[in-house]
Every structure is written in C-alpha cells, then in structure tokens.
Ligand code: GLU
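Quick heads-up: it's one chain on its own, the form predicted on its own, in structure tokens.
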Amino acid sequence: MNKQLATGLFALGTLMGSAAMAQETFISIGTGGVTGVYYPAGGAICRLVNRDRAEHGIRCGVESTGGSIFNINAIRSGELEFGVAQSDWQFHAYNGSSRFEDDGAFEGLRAMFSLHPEPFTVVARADSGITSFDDLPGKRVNIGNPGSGQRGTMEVVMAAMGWTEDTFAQATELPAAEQSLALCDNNVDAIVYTVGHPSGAIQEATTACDTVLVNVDNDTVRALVEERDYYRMATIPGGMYRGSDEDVTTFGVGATFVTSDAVPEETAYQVARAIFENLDQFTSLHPALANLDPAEMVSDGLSAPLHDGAARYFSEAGLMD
C-alpha cells in the first residue's frame, strides 16, 4: 500500500469515526426530588438505556426537577426529551385543562408507558391533633412547591373542599426534599406528598419523629375519584411506616413516563425496548417498581397518545394489537 493510499484510508476512517460520534443521541429525563421515587425511577431507566449505548448510540442522563408539571413544560419547550409525570397532569397537559389552560393543549405530548401507583399521602405530627384530612384547616400545612404534581393535586382537592391557602394557619411551599425535616423540626404540622410507596421521604419523616399517616377519605374525595378516570381510591398498607399500624385509605394517581412527538421514533423505540426487555432488572431497582405488570404499563393512566416508537416496540413485543 503506497503512502498516499494509506493517508487517504486513514482520513476516511477518521471521518467515519467522527460521523459515528456525531450520531450519538443525548436524552435527558426530568424526574423529581432526590428523596422521592421519580428520581431513582428515572435513574433506573437511564441505567438500562446506557447499558446498550454502543449498540444504539443513545446516552441518557437524569435530572432532579420540580416534578410533574415542570417536566411536562420542559418537554414542551424542548429542554427535556422525557420526563416522569402524574397521570392526572398528563391528562390536563394534553387537553389544555387545569394548570395548562392558559398555555393551551399540548397536542405533541406523547405517552411512553406507566409506572407505579402514587397515593396522595398526608403525614402529620403525632402531637398535631390531625387524625384525618378534614382536620387540616387551621393547621400549618406544607402544600408543596409550585410546579410539582403534589402541589397541583393538593390544589385540586383544596378547591373541591372549598379551601384556600388562608384556610390553614400557614401554607408553606417547601419542595419534597425539605418537608420531612420541616415536619420533624415542628415548623409544620402536616405535609402532603403524591408518591409511590415505600418512599424514602416518608420513611425519613416517620423515623425521625413521631408522626402518623392520615386517611384522605370523605364524600368530596370519593366524588373526585368518581368524576375523573385518572384518579383511583388507594390503600397504603399498615405497618409500612413507623406510627401507622393500620391501613390508610386515600386516593391516588399513577406515575407515567412521557415525551413528545419531537423525539425521533427510533429513540423512543430503543428506550421502550431497553426497559421492557429487561423488566426483571428494572423492577428490582426500586421497591415501588416491584409489582409492575407490562400489560398495565402500556395502557393504564395514559391519556396522551402513545409515541410511535413505543407503539412500534409494544406491537413487536405482542403487548398491544
């Protein structure tokens, strides 16, 4: 081989290598606070996607964010490719209702699959005198940070109950990662959290001080569940957390994994494939994911259309017609 040919082949190889590197796709997943379930769930998704990065060229990163509503808005603006969001906020975003009314329907929102159930959870100090949801008026309550799903859900319930922030002695807006400490420092009487169980944040609150999980079960709540398909009555098993030996009745939503139609079909296909072909590993990465059923994951709580890439994988895998 002469020197000129060798130089040409070297240059060609360099160009091909550069092209291959240029084809690498970077995706970011918006989650929630680091003590919740969204963050480890997003991390579990990224771990499985990144494991086969050499094959499909997708590099996945996870970001701790303000939660469901933030994630959906960031996907809409193109700041994030994927995100975890409560099923109710997926519905409202796609239909342009509730907190998304001013911005209008996010018609490009696409569902990937559903994740774990998320009961609306209220934890109160044992010395607060709060034994049920109806006891919250006149108390110091952390209603959640703006942009979080828990804040949005709390506002829905407050409106249905005829409550405003003035109903409480104090309504704080701490993010999920800070509210357990505030409860145990006696800065608030109760905190709310829409979260999968077992939850590290709830575990923190119930072990660091004397607390109780309270029932969120009255005629108003049951009417909300009856009216809205994305809500379900839910039970938090007794004995899961210190101070709450009996089952707690509440309502809840489901965590869902969402994206937009701006994400290429092949990218969404590979993300879905990474999870469903390694579902045993995925469900072992966090206790809240342990009981996921693939048949339910492709349909439950998904009010936005499936992304074409996810739908293609589910069809190939025999998970949908």
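Remember, predicted model here, so these are calculated numbers, not experimental data. Heads up: residue numbers just count along the shown sequence, starting at 1.
Not on display, but discussed next: the form predicted in complex with this ligand.
Although the partner is absent from this view, L183 stays clear of this ligand in the predicted bound form, with no non-hydrogen atom inside 4.5 angstroms. Contact check for V195: a non-hydrogen atom falls within 4.5 Å of this ligand in the predicted bound form. Not displayed here, this ligand is kept clear of V258 by more than 4.5 Å at the level of heavy atoms in the predicted bound form. Put simply, A268 is far from this ligand in the predicted bound form: not one heavy atom of it is within 4.5 Å.
Checking T121, Q179, Q86, T211 against this ligand in the predicted bound form, a heavy atom within 4.5 Å turns up for just one residue: Q86. Residue heavy atoms within 4.5 Å of this ligand in the predicted bound form occur in exactly one stretch of 276-284, 35-43, 259-267, 51-59, and that stretch is 35-43.
Contacts between 65-85 and this ligand, taken as any heavy atom within 4.5 Å in the predicted bound form, involve G66, G67, S68.
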